[in-house]
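Here we start with a single chain on its own, the form predicted on its own, put down as structure tokens.
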Amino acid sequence: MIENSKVNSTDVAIIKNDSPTKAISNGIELLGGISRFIGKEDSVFIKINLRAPSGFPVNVSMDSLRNLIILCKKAGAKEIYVGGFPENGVKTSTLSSILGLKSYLENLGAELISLDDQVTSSFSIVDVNGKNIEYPTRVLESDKLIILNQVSVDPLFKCTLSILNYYSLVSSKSQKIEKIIRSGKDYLLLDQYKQDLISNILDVFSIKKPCLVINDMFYFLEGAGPFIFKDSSIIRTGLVVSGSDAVAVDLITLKLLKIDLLSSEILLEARNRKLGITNVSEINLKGESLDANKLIVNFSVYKLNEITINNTYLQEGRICSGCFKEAYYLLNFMKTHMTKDLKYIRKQSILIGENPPEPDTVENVIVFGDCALKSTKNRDFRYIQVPKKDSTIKTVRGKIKKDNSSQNKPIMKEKVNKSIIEIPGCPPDMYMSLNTLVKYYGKTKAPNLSFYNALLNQFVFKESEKSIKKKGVNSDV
């Protein structure tokens, strides 16, 4: 790991204040001041959250970012770059346009770096544990790296740790987990997806150590999160945790949220790799009392069937963390943005995971993910019995008696059920899932879904330069 800090790595500051900017400033002062981290003529890269065009607190707090940039400039930083890879293929330029990032940073004397722009960004191949990782050259060559992390709930890791923030320094392509079946090992039972994900996250983290890590939890998005779903809510904690050891800062953050180290698979593996301090007794806490500031928050549900959606029935088999996460996002999207649609869609079933139970209906059956597709290939719901046209068993001479045994009986035939929506992937991509659902239901049955999907395609993914109205979706839906 490349070191770039001269401050005591055992120091972690817990600050509580009525102002988020003061909380960050006071924390840095307790750690020895900004000059302990940033030197004159330093080139500084600030890694921030760039998750979706949902605004704060999904993304970074602009007040916190502004304050940090001002402090770096006071310390004499020559260049200040800000950036990271947005999630799910969203373009940095799109987010910048929506949030006004580029001009905002330029006015502060900093520069937004579009790591996803192949023309302006270059990458270095770094070998970590036999893996060739494409790492941004701009970050690698910067004198100092700062992680400014907005903390919120996370469906896989309880909360968005700074180490998770760091992971989006590499592209979504580099983050993709390939399904590799190990001989003699049960992929789903061991949740190999999550193990491989944690391994990748820590491989990337090991490349260059940040000089300063700030977990900004002044405002905390709890509940469904992390994209401000229907069951999400914001609480004001007034807390900021900072230090130079990301693992130690994340550990104290978890402790404030009453999460034990043994419940954090990612920090346990970081301990195994000796990537940072994972023993609270070895951490020199400064500022507020840890025990006096522990929080009670609502985390994301850990069972998909706890997400209740109108007219929707979930059948879940064995599932890996990858499909759980993407299904979690999809289900919460439905609950948040398809309330009106589900009045038109009287009933739908969603089958997820390996060998899920039979659906409650043969209509509108959503089969989500490769495991569900493969294990339900020959299931009964894939075929339906329908009467042949103009074909009945007639009584002798066409005379029909009133008793049941003599009534006309239809001749049935078996047909392929066409009311099935297949969403492949391991795991499926949520936005591909939305496109598939729109194609199946259409804008008549799913006006809200069609509208939001058109917004995502036009403004997030730039699918088309046509206006929303030209797509046949009314903006007043």
Partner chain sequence: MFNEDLRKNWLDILKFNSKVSIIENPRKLDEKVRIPLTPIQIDAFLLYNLFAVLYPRFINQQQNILDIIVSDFDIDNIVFGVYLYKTNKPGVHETVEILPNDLVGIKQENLSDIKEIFNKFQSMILKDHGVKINSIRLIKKRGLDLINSHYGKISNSTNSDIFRSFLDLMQISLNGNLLAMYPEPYILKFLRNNITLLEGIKLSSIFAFIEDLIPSFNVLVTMASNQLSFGVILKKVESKTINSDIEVKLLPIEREDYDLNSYRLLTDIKKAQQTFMVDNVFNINLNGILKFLSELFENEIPLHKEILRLLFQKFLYGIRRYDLHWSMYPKPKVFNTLIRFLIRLIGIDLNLKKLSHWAIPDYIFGLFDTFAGLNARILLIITSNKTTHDITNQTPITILLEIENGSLTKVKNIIEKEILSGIDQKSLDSIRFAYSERFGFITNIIILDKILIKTILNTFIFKFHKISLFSILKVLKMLKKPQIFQIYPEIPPYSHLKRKNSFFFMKDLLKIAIDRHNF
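Just so we're clear, the structure is a prediction, and the values are computed from it rather than from any experiment. Positions refer to the first chain, counted from 1.
One more form of this protein should be noted, the form predicted together with the partner chain, which is absent from this view; the next part is about it.
S.K.: So which of 107, 385, 263, 284 reaches within 4.5 angstroms of the partner chain in the model of the complex, heavy atom to heavy atom?
M.R.: Of the listed residues, the single hit is 107.
S.K.: Could you spot which one of 188, 126, 98, 257 gets a heavy atom to within 4.5 Å of the partner chain in the model of the complex?
M.R.: Among 188, 126, 98, 257, a heavy atom within 4.5 Å of the partner chain in the model of the complex occurs only for 98.
S.K.: Using a 4.5 angstroms cut-off on non-hydrogen atoms, would residue 45 count as touching the partner chain in the model of the complex?
M.R.: It does not: once the partner chain is placed as it appears in the model of the complex, residue 45 has no heavy atom within 4.5 Å of it.
S.K.: Are any of the heavy atoms in residue 344 no more than 4.5 Å from a heavy atom of the partner chain in the model of the complex?
M.R.: Looking in the model of the complex, residue contacts with the partner chain include residue 344, since a heavy atom lies within 4.5 Å.
S.K.: Is residue 181 close to the partner chain in the model of the complex, meaning a heavy atom pair under 4.5 Å apart or at it?
M.R.: Outside the cut-off, so no.
S.K.: With the cut-off set at 4.5 Å between non-hydrogen atoms, does residue 440 touch the partner chain in the model of the complex?
M.R.: Looking in the model of the complex, residue contacts with the partner chain do not include residue 440, since no heavy atom lies within 4.5 Å.
S.K.: Using a 4.5 Å heavy atom cut-off, indicate which stretch of 416-424, 432-440, 61-69, 26-34 touches the partner chain in the model of the complex.
M.R.: Only one stretch qualifies here: 61-69.
S.K.: Is the partner chain in the model of the complex close enough to 219, 339 and 444 that every residue in that trio has a heavy atom within 4.5 angstroms of it?
M.R.: Yes, the whole trio is in contact, each within 4.5 Å by some heavy atom.
S.K.: Pull the contact list for 224-239: residues with a heavy atom within 4.5 Å of the partner chain in the model of the complex, in sequence order.
M.R.: Result: 228, 230, 232, 233, 234, 236.
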